[in-house]
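In the block that follows, a single chain appears as structure tokens, in the form predicted alone.
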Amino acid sequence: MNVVKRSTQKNLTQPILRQLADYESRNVTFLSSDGSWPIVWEKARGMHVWDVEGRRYLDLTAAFGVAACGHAPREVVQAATRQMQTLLHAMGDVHPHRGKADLARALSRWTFERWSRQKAHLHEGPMKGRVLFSNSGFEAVEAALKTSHLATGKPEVIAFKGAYHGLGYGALSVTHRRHFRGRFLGQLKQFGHFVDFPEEAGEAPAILETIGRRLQHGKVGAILMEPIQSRAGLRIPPAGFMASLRDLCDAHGACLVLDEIYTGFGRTGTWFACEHEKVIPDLICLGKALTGGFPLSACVGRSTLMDHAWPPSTGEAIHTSTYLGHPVGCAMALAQLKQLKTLKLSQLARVKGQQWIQQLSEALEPCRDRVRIRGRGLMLGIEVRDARGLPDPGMVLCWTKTLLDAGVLVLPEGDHGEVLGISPPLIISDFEMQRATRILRRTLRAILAS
């Protein structure tokens, strides 16, 4: 790997970071006082990122899960280029373009149409999805919140502790972590109710009972859930829990809303994480890997529900935006979806994820009293604990920085930053997995020995 030692860098990084510090709001980019964090990205291709110093990194983050087909896949870049040469912008909810219609149909086929074929015994018969496009993940969540409220007439939402659904004021009302919410509580409408997120089967009955009691009040229009909590540290609910939520929603006239912004499009070894339990939501929120690198997201809902919730447009949409269904984003998404399917990346993620968990378990066996590996597909986490068995965010931060020096990009996850997150592009090769495992083992041992 083309490694450039920090001491021999061309020193292009610091002037850029000083400029950023001068002009960007200071609560955005963390700048360490010793200059060790962050790096400044220059370019990215496939599994790798290069910084402005010319140093190459193996990316085990997929840039927050966006680069599922790798960075800048040729087909997606070509689709974006062609689109920019013909139509760079359209008019949101006024004059549409062909790509928006094509992508809306594609998302319906990827979700509700495919699911209804797989569950042909459903009394509703074939289903179709309807799409609300937006720009970022939190906007897709807020579209789902609006839809569930309109469809049920019930304003309250049950969400889960540890949840991260974005930072817009609607999404923030159902995002749990106080770090994000605390300073804005005076302006937030408290329509979200938080319950524990189960990780063990024995925890589920009491949580389901709590949810059932809340639903009986008749004011809850939606249960909002990440099938796997990513920011909370790769937390996976026990088998059957999501299906029980589906049953509760059916019994009480509430919508099951699944936030698959991170888990969607093959990340967990199925196209959508809800498919591990064959659960069909009422609304699903999608983003990140949808385009491979353009700000576009979508809330896709069961057509009968969406039609009940939203009236036909009379010339002024109730929910819209300037860049709704942007032509470049739609073109990239259609190319990205084709690549995901052509390369069978969902199946590859399932197989490679199982292999990698086994590799990591064997490689980190000498440290088994300090680490715990978990995940599904290529959405993995290594939880680190100290000698007393308590979460050790300090070690995870040290490990993250040590890996950066070794040319590997990872990020801390978890409520306290106690989990090392690993969510690489789904195109990762066996060689790259093995190499990453060796570096993870070497760096962890060095830290524990110091």
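Residue positions are given as counts along the sequence shown, with the first one as 1. Bear in mind that the values here come from a model prediction, so they are computed numbers and not experimental data.
Not pictured, yet referred to below: the form predicted in complex with a small molecule.
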Since only the chain is shown here, I'm wondering whether A333 would be in contact with the small molecule in the model of the complex (any heavy atom pair within 4.5 Å).
no
Non-hydrogen atom contact G137 with the small molecule in the model of the complex at 4.5 angstroms:
yes
Any chance F272 has a heavy atom within 4.5 Å of the small molecule in the model of the complex?
no
Contact with the small molecule in the model of the complex for S230, defined as at least one heavy atom pair within 4.5 Å: yes or no?
yes
Looking at 204 to 212, 70 to 78, 307 to 315, 261 to 269, which stretch has residues with any non-hydrogen atom within 4.5 Å of the small molecule in the model of the complex?
261 to 269
Quick one: of G166, P237, G129, G375, which gets a non-hydrogen atom within 4.5 angstroms of the small molecule in the model of the complex?
G166
Using a 4.5 Å heavy atom cut-off, which residue among K352, R302, K288, H176 comes into contact with the small molecule in the model of the complex?
K288
